[in-house]
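As structure tokens, one chain now follows by itself in the form predicted on its own.
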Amino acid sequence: MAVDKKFIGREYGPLTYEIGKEKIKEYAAAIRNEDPHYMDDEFAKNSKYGGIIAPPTFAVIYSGMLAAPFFMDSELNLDFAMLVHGEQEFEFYEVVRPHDVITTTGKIANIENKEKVDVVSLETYSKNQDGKDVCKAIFTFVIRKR
């Protein structure tokens, strides 16, 4: 069964995530990015940022949290056995630092019903505790039809 286009515009969130310095370091190590801006307190303290910052792709952590309520939306009735991650895009606006509190909201931006697949795009918007835009992300999922 095709994903109904009536769900375009359906909103999710807000969800909040507090950025931790150790989580930034763990993430940087996990993606094998040893840039001292992400890992080295002494180096980062003397950089233009004045301390550790999160790698841009850390956005997948706080913006990706919105995927859970999207996936669990019983009205969408997504077929998980047939769902694959298509792609993701990010636009970055502000540097993310430890102790930032990021709030993410989002919506289903598009649903395309094709012959053999449905393509669903979830667009998220993340702001910091000062209300400044941090990141826009688009997660695209492909659901193969049985």
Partner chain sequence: MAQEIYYEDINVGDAMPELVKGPIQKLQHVMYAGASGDFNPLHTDDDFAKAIGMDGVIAHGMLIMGFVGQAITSWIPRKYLKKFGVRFAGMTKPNNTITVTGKVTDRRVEAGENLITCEVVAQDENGDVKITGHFEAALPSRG
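As the structure is a prediction and not an experimental result, all values here were calculated from the model. Positions refer to the first chain, counted from 1.
Although it is not shown, the form predicted together with the partner chain is what the next lines describe.
Flag E91 as yes or no: does it have a non-hydrogen atom within 4.5 angstroms of any non-hydrogen atom of the partner chain in the model of the complex? Because a heavy atom of E91 falls inside 4.5 Å of the partner chain in the model of the complex, the answer is yes.
Taking 4.5 angstroms as the cut-off for heavy atoms, does M39 touch the partner chain in the model of the complex? Flag for M39 set to no.
Contact between F70 and the partner chain in the model of the complex at 4.5 Å, heavy atoms? Flag for F70 set to no.
Verify the contact flag for V60: yes if a non-hydrogen atom of it lies within 4.5 Å of a non-hydrogen atom of the partner chain in the model of the complex, no if not. Result yes; V60 sits at the interface with the partner chain in the model of the complex.
Select from the listed residues H99, K116, R32, K45 the one whose heavy atoms reach within 4.5 Å of the partner chain in the model of the complex. Spelling it out, the residue with a heavy atom inside the cut-off is R32.
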